[in-house]
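Encoded as structure tokens, the following chain is the form predicted on its own, with no partner shown.
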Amino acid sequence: MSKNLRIAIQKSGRLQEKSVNLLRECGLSFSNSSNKLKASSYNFPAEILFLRDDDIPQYVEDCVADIGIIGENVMIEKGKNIELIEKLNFAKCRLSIAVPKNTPFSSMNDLEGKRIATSYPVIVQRFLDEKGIRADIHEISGSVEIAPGIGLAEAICDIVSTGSTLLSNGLREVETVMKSEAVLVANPKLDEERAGLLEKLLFRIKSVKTAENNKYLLMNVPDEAIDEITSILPGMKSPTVTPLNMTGWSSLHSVVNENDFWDKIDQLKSLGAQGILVIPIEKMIL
């Protein structure tokens, strides 16, 4: 009997929706109603387990799940025997120290002897040890940002995305402990069949990620500018050039990285490119 790849993702939380979307962009079709703890893919040998984020590292270590999608911060905090397979380029955030907005803060030395509330005591303790700071860490499981207001701590260390939650609780960010994003982790002792399924899924994930970072460009260009335009738009190998039914003009197709997009557009316009179309890429196989 063939085996399924057991994939653990958040049941609820900031990674849940994007984890589901990623699996579906990889071609997996499954139901994820809010009250289900497990779903089977209809078109890929996989089971999706919907679990608490903090529990996923333990489930992967114990072989209850083969792989999981979690925050890098959770992976480091839990310290389980699991492997980081791929960074997924979503749910980016930072784990930061914050203090009340009116509290003076000039350096990490200002935390000496202070109380710090956090849900990540292992990461925070390691960071303080590296800085040579001795502080009293109070571990709490939620609503960390209210700790200074109720007298539990003089500072907090918590996940920050936009910083709006800190501001609404009268706090300001003073030190970044680590940057984090969603990561794919796996049990290091997968059997051959499940390791093979992981490789197939990882291939699809990388194709989706590559597509997200690139745009497909179509444009009309004067023939005398083709060589120069080609030099700044190499595409995956080289641009596709097709003559138009107009003397002296061609249609040129290429791929450009998202980070270079606007700089390239300015250069293309200066070389006479017209009718530039920018099209998202759903998948990109290299």
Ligand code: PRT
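The numbering used is simple: start at 1 and walk along the sequence shown. Everything numeric here is computed off the predicted structure, so don't read it as measured data.
There is also a form predicted in complex with this ligand; it is not shown, and the following applies to it.
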For this session: Given that the partner is absent here, state which listed stretch (212-220, 100-108, 190-198, 87-95) has heavy atoms within 4.5 Å of this ligand in the predicted complex.
Result: 87-95
For this session: Find out whether any non-hydrogen atom of Val74 is located within 4.5 angstroms of this ligand in the predicted complex, and reply yes or no.
Result: yes
For this session: Indicate whether Ser207 is a 4.5 Å heavy atom neighbour of this ligand in the predicted complex.
Result: no
Exercise. Within a 4.5 Å heavy atom cut-off, is His253 in contact with this ligand in the predicted complex?
Worked result: no
Exercise. Though only this chain appears here, would Ser12 touch this ligand in the predicted complex if you measure heavy atom gaps against 4.5 Å?
Worked result: yes
Exercise. For this chain shown on its own, do Asp53, Glu145 and Val160 all sit within 4.5 Å of this ligand in the predicted complex, going by heavy atoms?
Worked result: yes
Seminar exercise, completed: this ligand in the predicted complex has a heavy atom of only one listed residue within 4.5 Å, and of Gln125, Thr176, Thr165, Asn81 that residue is Thr165
